[in-house]
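In structure tokens, one chain follows: the form predicted alone.
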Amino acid sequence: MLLRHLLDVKGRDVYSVRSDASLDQAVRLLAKWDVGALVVLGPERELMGILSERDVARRLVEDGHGALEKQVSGVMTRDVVTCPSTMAVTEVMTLMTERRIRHVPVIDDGCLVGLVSIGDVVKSRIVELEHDRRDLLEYVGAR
């Protein structure tokens, strides 16, 4: 299965925050939307980074409560791993495992078209394997 098919099922909504927002504002958005990461967009709505719960936790440990006053641009992960919608779900799963990341923006022709989480990828793979299992049982039963 390709990522584009996963996005067709899951949806293409991407929750984002501006790079100049405070970490406090970003944490409130994470809670409001009940998500584990936000795509960070610059003034021209370009992808600048990603802010995950992990980034927030690390900064809070380093700076304490004062971290919430910092701008997202100073806390986010800048080296963002992205992938095209034509990538296979199994490839993305491998990439996420190897790089130890849980969220990957999906970019086609320079445009952000979605965001997938490790949960999305695993769920998609389970559905695919269950479909294969049913097909095999039908095949064996037909003999």
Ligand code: AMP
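Because the structure is a prediction, the values reported are computed rather than measured. When you see a residue number, it is the position in the sequence shown, counting from 1.
If you look for the form predicted together with adenosine monophosphate (AMP), you will not find it shown, but the lines that follow are about it.
J.: With the partner removed from view, which of 65 to 73, 45 to 53, 24 to 32, 86 to 94 is the stretch that lies within 4.5 Å of adenosine monophosphate (AMP) in the model of the complex, judged by heavy atom distances?
T.: Only one stretch qualifies here: 45 to 53.
J.: Whether Pro105 contacts adenosine monophosphate (AMP) in the model of the complex should be assessed with a 4.5 Å heavy atom distance threshold; does it?
T.: Yes.
J.: Given that adenosine monophosphate (AMP) is not shown alongside this chain, does Asp79 nevertheless sit within 4.5 Å of it in the model of the complex, heavy atom to heavy atom?
T.: Asp79 belongs to the contact set for adenosine monophosphate (AMP).
J.: Quick one: does Ile101 come within 4.5 Å of adenosine monophosphate (AMP) in the model of the complex, counting heavy atoms only?
T.: Looking in the model of the complex, residue contacts with adenosine monophosphate (AMP) include Ile101, since a heavy atom lies within 4.5 Å.
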